[in-house]
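To begin, one chain is listed below as structure tokens, in the form predicted on its own.
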Amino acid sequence: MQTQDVTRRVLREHFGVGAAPGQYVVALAGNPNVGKSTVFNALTGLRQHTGNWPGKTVDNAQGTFTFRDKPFLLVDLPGTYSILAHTVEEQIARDFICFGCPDVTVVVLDATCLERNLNLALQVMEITPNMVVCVNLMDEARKKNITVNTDLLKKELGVPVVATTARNGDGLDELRETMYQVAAGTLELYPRRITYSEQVENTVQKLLPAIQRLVGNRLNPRWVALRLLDGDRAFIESIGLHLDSQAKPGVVSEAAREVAI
């Protein structure tokens, strides 16, 4: 089965997301109260529906829009401060970005408190380079005399940064264009890589060959290695659940044993 077919099956069976062939899938992530739902509603209008994530009592909102004659499916992930999966909401967000393989992940930030919000953006960048940072609530920042240098932020992060005031529609055209370019692969992305201690980095390098055999090109091997070092056993189980059948349980166990040594 081709990788795209596998991804569509995972989206449908594990996340209840029925993406049509040729439709770009966009994940919308962000902390609570950053205006994420406003961005979602502004982009999708009335072309949306809600339900629950499969097996969960957490709301699942999906909507569609068309840009440059290309259909998009926007999935509004639960609001979270982290995706290290300490809560159900964090697990849903993490698993969707990891295993749902969205074409683009948009991380919405509050322009008035970037320092707190950027933690989530940096975590997402470790999973996928295909992301856009949406700095929302720019009107509130101006009221507080806060100036956000989006060009410098883009340079520091290595991914596109778009300033918006979603409630007024400001910046949404640029956001659509940027999402389109990232999904189509026409933008060069160089997400900043976080460097850890020498001991952690050396251990990651030792783990990478086994991780590569485990995940192939479906996940970022470095990020998986870091999660294994965290001792995240739930994530190990998620790998076997969500990835193609080629991810044999024995390989998962092999990687886990390497971590334990």
Partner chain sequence: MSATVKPISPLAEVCAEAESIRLGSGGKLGDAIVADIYANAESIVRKVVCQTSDAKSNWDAKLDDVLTSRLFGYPIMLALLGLVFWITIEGANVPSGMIADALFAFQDQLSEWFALAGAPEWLHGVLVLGLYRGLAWVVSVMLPPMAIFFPLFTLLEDFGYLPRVAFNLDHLFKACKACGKQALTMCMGFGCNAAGVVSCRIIDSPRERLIAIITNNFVPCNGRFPTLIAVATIFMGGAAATGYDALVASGVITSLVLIGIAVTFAVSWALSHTILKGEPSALVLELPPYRKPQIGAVIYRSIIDRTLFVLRRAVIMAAPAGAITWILGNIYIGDMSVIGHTAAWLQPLGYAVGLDGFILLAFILGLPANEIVVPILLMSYLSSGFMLEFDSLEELRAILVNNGWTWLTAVCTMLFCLLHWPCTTSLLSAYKESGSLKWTFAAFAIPTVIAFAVCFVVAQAARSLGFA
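Numbering follows the first chain given and starts at 1. Since this is a predicted model, take the numbers as computed values, not measurements.
We do not show the form predicted in complex with the partner chain, though everything after this point is about it.
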query: Would Glu156, Lys206 and Arg227 all count as contacting the partner chain in the model of the complex, using a 4.5 Å heavy atom cut-off?
result: yes
- prompt: In terms of non-hydrogen atoms within 4.5 angstroms, which of the given stretches 22-30, 65-73, 231-239, 41-49 touches the partner chain in the model of the complex?
  reply: 231-239
- request: Report whether the minimum heavy atom distance between Glu115 and the partner chain in the model of the complex is within 4.5 Å.
  value: yes
- prompt: Would Ala184 show up as a contact with the partner chain in the model of the complex if we use heavy atoms at 4.5 Å?
  reply: no
- request: Using the partner position in the model of the complex, report whether Asn217 sits within 4.5 Å of the partner chain, counting heavy atoms only.
  value: no
- request: Using the partner position in the model of the complex, report whether Leu84 sits within 4.5 Å of the partner chain, counting heavy atoms only.
  value: yes
Sequence-ordered residues of 134-170 touching the partner chain in the model of the complex, heavy atom within 4.5 Å: Lys144, Asn145, Ile146, Thr147, Val148, Asn149, Leu152, Leu153, Glu156, Leu157
